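One chain follows as structure tokens, the form predicted on its own.
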Amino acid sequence: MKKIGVYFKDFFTSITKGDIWVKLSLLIMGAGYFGRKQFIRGILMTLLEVGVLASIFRVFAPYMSKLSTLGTVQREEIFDPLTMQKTVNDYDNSLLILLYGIIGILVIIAFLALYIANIKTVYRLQKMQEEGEHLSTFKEDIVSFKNERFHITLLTLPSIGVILINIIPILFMVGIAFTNYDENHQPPTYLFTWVGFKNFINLFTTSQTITFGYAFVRVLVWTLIWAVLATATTFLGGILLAQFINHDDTRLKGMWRTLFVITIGIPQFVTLLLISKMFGDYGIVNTFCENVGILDFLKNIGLLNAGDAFIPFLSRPGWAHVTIILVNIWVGIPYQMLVATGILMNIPSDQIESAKIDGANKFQIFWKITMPYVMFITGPSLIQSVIANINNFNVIYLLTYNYKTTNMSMANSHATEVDLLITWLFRLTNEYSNFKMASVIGIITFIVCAALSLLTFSRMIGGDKEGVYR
């Protein structure tokens, strides 16, 4: 709050103490530069002001004026018997109103920030001129962007990309979550409108007609279990595999690494689709298990019902969960093995030698030196892996795209027992056009990922741990 107060205090100080050129800049943003004979900057700033104001009033204002209702005129086609053609009325498009309305608000906020910064800048130029300091020319400004202000040049394009690709879609998704945008309210034929927190309430509601609350708890629990197990198993498996390959007694180290690297080279979706066929109800794995007696053995020990004709690797809850995690271990360990190999080769040898002199055995060296070092180095990567697994669409969807739930409560909310939040969101949008609930789930997913990132970052690399490993 203090910084905000200083920000506006500087702005009002610039206005009150500024000369006529600074005050003229309130109307014409380039005036302050014209007064200091910086004509090119003045022309550019004036043109920018005209362009932004024109776009606000001519493009965005019509949509922003309808943001409160998201449109009131529905699309209608009228057949004209004279021309024998259909005519369409001047209808409102709720989707465009929401999108252009959000962009318009962002443009206004950015313009106000630029407007205030411009007043401060021209006031600073006034003081520099009064103190006899050199005012940079336009050419000198351009050169500075290649030298002392080169970081601004580098950061400009990524910043614009973040706004266009991340911020605007996120704000748009948040907006959709507060509307009734679904298969019955699809633009341009139909309008949708604001419904407040109704969709959020529905996500946590379980009743005879609404079962999103029932499905959400189960999908969220499975998503978190999956993210932790998928990350932990591939991480530990990768370290152990790297340790085995780099062990002094292991021969043909290059061959072993090559074999596992080949598994990375094969496109993952090919591997997953092939595995889904192999582990299908009537796939080759089930045929093999039946022929060698594994199917009967599982029936005898009670893991399968007497009437089961196959092992439901990917078609029954429990079985499918275990199969998915095992398949992910197979496709994920080789990558973690490569990462761990690079880290293990860079562990300070003096620490290991000191531990050996102190009498530490190999397990103690691994547990007390190797693992903490690897955990510290790969901490940010692990956080990214957990978040990536929360959003791991490929493994879940490609393995279980034929999965059919028999749970009516799950089916009523268009979810299955093997869905992650991200695959549930995909089903809702792609198969059922339920964009409003998909947006709510997207927001929940974002909150879960952000909370995990903050928690794990503070736990793993916070404090003075960084200095310990220097």
Partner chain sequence: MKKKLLSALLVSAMATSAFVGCGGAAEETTAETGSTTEESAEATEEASSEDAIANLIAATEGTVNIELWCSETEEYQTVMKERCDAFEAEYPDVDFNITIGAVSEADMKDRVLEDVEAAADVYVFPDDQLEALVKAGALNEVAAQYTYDMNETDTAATVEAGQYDGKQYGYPFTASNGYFLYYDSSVLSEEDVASWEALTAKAEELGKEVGCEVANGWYLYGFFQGAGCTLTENEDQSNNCDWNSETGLAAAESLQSIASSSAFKSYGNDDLLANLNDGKVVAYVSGTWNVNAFSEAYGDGYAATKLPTFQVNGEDKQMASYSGYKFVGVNAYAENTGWSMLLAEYLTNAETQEAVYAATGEGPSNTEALAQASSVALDALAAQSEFAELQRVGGNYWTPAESLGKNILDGKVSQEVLDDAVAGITQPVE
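Just so you know, these numbers come straight off a predicted model, no measurement behind them. Positions refer to the first chain, counted from 1.
Quick note: we don't show the form predicted together with the partner chain, though the next part is all about it.
State the residue from 75, 321, 124, 218 whose non-hydrogen atoms include one within 4.5 Å of the partner chain in the predicted bound form.
Spelling it out, the residue with a heavy atom inside the cut-off is 75.
Give me the residue from 130, 80, 350, 140 that has a heavy atom within 4.5 Å of the partner chain in the predicted bound form.
Of 130, 80, 350, 140, the residue with a heavy atom within 4.5 Å of the partner chain in the predicted bound form is 80.
If contact means a heavy atom within 4.5 Å, which one of 44-52, 24-32, 63-71, 432-440 is the stretch that engages the partner chain in the predicted bound form?
Selected stretch: 432-440.
Going by a heavy atom distance of 4.5 Å, is residue 393 a contact of the partner chain in the predicted bound form?
It does not: once the partner chain is placed as it appears in the predicted bound form, residue 393 has no heavy atom within 4.5 Å of it.
Indicate whether the partner chain has at least one heavy atom within 4.5 Å of a heavy atom of residue 202 in the predicted bound form.
Contact with the partner chain, yes.
I'd like to know whether residue 277 contacts the partner chain in the predicted bound form, with contact meaning heavy atoms within 4.5 angstroms.
So residue 277 counts as contacting the partner chain.
Residue 244 within 4.5 Å of the partner chain in the predicted bound form, heavy atoms
Residue 244: no contact with the partner chain in the predicted bound form.
159, 252 and 381: each with a heavy atom within 4.5 Å of the partner chain in the predicted bound form?
No, the candidate spot makes no contact with the partner chain.
Could you list the residues in 403-428 that come within 4.5 Å of the partner chain in the predicted bound form, counting only heavy atoms and keeping sequence order?
In sequence order, 403, 404, 405, 406, 407, 408, 411, 412, 414 come within 4.5 Å of the partner.
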